[in-house]
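A single chain comes next, written as structure tokens; it is the form predicted on its own.
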């Protein structure tokens, strides 16, 4: 169960962030509305939410998940793999240090939190354009000391591991077709997201309920049929910036 979440407000420059999307011009007022709804959804699940101010000069900084990995025992400050995001991590240290001992990923290792999927005491680390083998190995060494089993998972494409696979509780993964037969995920029950609804794979488990993107009816039907409780969230502006629901908070 999570008790706390940390989020950061989107800055007025958020549309200058990194993206490969061609879904149209991002809207500042709308991202603020969607971010506020996200905070309320976390609060409705019993979390106390710390809301940090926007970080000028770092338009992607509201994707706060990428700068740290937080477990019950430790907060690991990451080393983001995109040049434009280097420096963000330093601005999360002070707030996390009030809750957890701090350790860090050291260069030349790179690691984005979006590449780290926790499933109870199992940790899966995506090897992507943002996370290299050195960064994954460092995180594995840190977490194994606390009893976690850590596995690196090479990605065939996509931005982050959690763009394509997420743990949704009950020993179940919600995942896209490229991840469905990955050997590292043997032993899990799996719900396959249709190719046309691939974005919906980034569904977030929070204290027994799933925050899931709005507008993906087939994924919604599969989750409901499997007996999961869901809360649909509007994510249009996140999609425009290659972001998802898990990206906007650190939960612990």
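Just so it is clear, the model here is predicted, and its values are computed rather than measured. Positions refer to the first chain, counted from 1.
Below, we refer to the form predicted in complex with a small molecule, which is not included among the displayed structures.
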{"property": "Selected contact from 174, 76, 159, 125, since only one has a non-hydrogen atom within 4.5 angstroms of the small molecule in the predicted complex", "result": "159"}
{"property": "Location of the small molecule contact in the predicted complex, chosen stretch of 217-225, 183-191, 64-72, 203-211 [non-hydrogen atom, 4.5 Å]", "result": "64-72"}
{"property": "Proximity of residue 247 to the small molecule in the predicted complex, heavy atoms at 4.5 Å", "result": "yes"}
{"property": "Contact label in the predicted complex: residue 85 to the small molecule, heavy atom within 4.5 Å", "result": "yes"}
{"property": "Contact flag, residue 114 vs the small molecule in the predicted complex, heavy atom cut 4.5 Å", "result": "yes"}
{"property": "Exercise: residue 230 in contact with the small molecule in the predicted complex, heavy atom 4.5 Å", "result": "no"}
